[in-house]
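First, one chain by itself: the form predicted on its own, in structure tokens.
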Amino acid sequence: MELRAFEPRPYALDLADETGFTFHTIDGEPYWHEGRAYQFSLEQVEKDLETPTGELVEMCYAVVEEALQREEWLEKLAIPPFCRDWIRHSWNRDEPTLYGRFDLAYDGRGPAKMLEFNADTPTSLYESAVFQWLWLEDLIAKGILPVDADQFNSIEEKLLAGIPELGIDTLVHFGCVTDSDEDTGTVRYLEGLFQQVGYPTELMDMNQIGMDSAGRLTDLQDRVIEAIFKLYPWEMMVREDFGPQLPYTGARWIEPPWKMLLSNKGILPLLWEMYPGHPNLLPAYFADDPDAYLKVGSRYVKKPLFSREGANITLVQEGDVLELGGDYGAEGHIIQAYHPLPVYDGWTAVLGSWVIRGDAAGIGIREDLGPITTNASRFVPHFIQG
């Protein structure tokens, strides 16, 4: 894994606007950055990223199976009691998942380490699936990269193949917080893929979802919502006023209710308990374990069960403390052994390993100026050569 410098294409941002990647710049700062890219060998991709991602998926599914048999684990994961039978029903019916993203620490020289699993509402999808591929094609066409350069990226191909496997035969609604350009861009990309394989769709803000007298979800045209993709966290939905009614709406959800267990940093200590010493895991414990801090030592990360973009993360290194603010943490925390991200020219790099229908499908790389990846991170492309 090496960092390579490239001359940015002068038309890159115009191309981004034309192709729907309108959030290439966030709050005046570049989010998409193509002045540099990461080079991998095929062996690194296949051995260190693709194969471990598949193993991590299966391990996560095993955690779900075990957790649904153990009420004390559901308590530790802060799963509301009214959701538990609903989640069991969703899991036992094998309600299909479409996508997710592992965040991995990897420097090209050792086993990739799982930092967390964005199992429910991962973003950076379009830039991973499409825009970095367009960058690769352009650089090959210009002779800047050799014709045999490649990318670990079958994300769109697997999405198009996987969408029909969801078994939906109705109008599919798409819900998100439309005030967010990034969320809306991600949802519009997925909506377009559903349309491409023949589904009628309707995009709406989450606040526009209603409920009729029979307890079914409805849209602004009073149509019953039978299937819905939501880029909105399960842990937030089930804690809103209508949350206790969700198990009875009859809607098909993408992602399904059982993803509630995996979109939760509490799976990190559960994975470590089930697979202690696994090379792709870091030691992790629930913060209320009286021996947790003793077990992880003097370098660790304290994470809320529910958190986004680095909020409320605390990093401790030999007594030095870095703590980010935010609104998370009420449901509890976990402690994870600290594994530093690789640093290139002052920027840390975290790899997002995409999972489509349970299969490893590609990576996207985000960089940040600090050791914790936040909403100020930027996206950088990658390629395979050698």
Partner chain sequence: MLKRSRRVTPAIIGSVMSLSLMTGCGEKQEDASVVESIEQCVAIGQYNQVQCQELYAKAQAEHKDVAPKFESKADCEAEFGVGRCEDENGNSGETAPATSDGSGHTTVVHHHSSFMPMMAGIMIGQSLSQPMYRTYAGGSAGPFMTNRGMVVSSTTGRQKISRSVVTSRPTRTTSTLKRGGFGAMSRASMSS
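These numbers come from a predicted model, not from an experiment. Positions refer to the first chain, counted from 1.
FYI, the form predicted together with its partner chain isn't displayed, but the following is about it.
Residues with any non-hydrogen atom within 4.5 angstroms of its partner chain in the model of the complex fall in just one of 278-286, 87-95, 292-300, 305-313: 305-313. Proximity of R223 to its partner chain in the model of the complex falls within the 4.5 Å heavy atom cutoff. Contact annotation for I384: at least one heavy atom lies within 4.5 Å of its partner chain in the model of the complex. Although the partner is absent from this view, Y189 contacts its partner chain in the model of the complex, with a non-hydrogen atom inside 4.5 angstroms. For the chain shown alone, E323 is not a contact residue for its partner chain in the model of the complex, no non-hydrogen atom being within 4.5 angstroms. The candidate spot formed by F6, Q39 and T373 is out of contact with its partner chain in the model of the complex: none of the three has a heavy atom within 4.5 Å.
The single contact residue among P200, P81, G143, G110, judged by any heavy atom lying within 4.5 Å of its partner chain in the model of the complex, is P200. The single contact residue among A129, L74, I254, L104, judged by any heavy atom lying within 4.5 Å of its partner chain in the model of the complex, is A129. Residues are counted as partner-facing when one of their heavy atoms sits within 4.5 Å of its partner chain in the model of the complex; in 145-179 these are A149, D150, Q151, F152, N153, S154, I155, E156, E157, L160, D169, T170, L171, V177, in sequence order.
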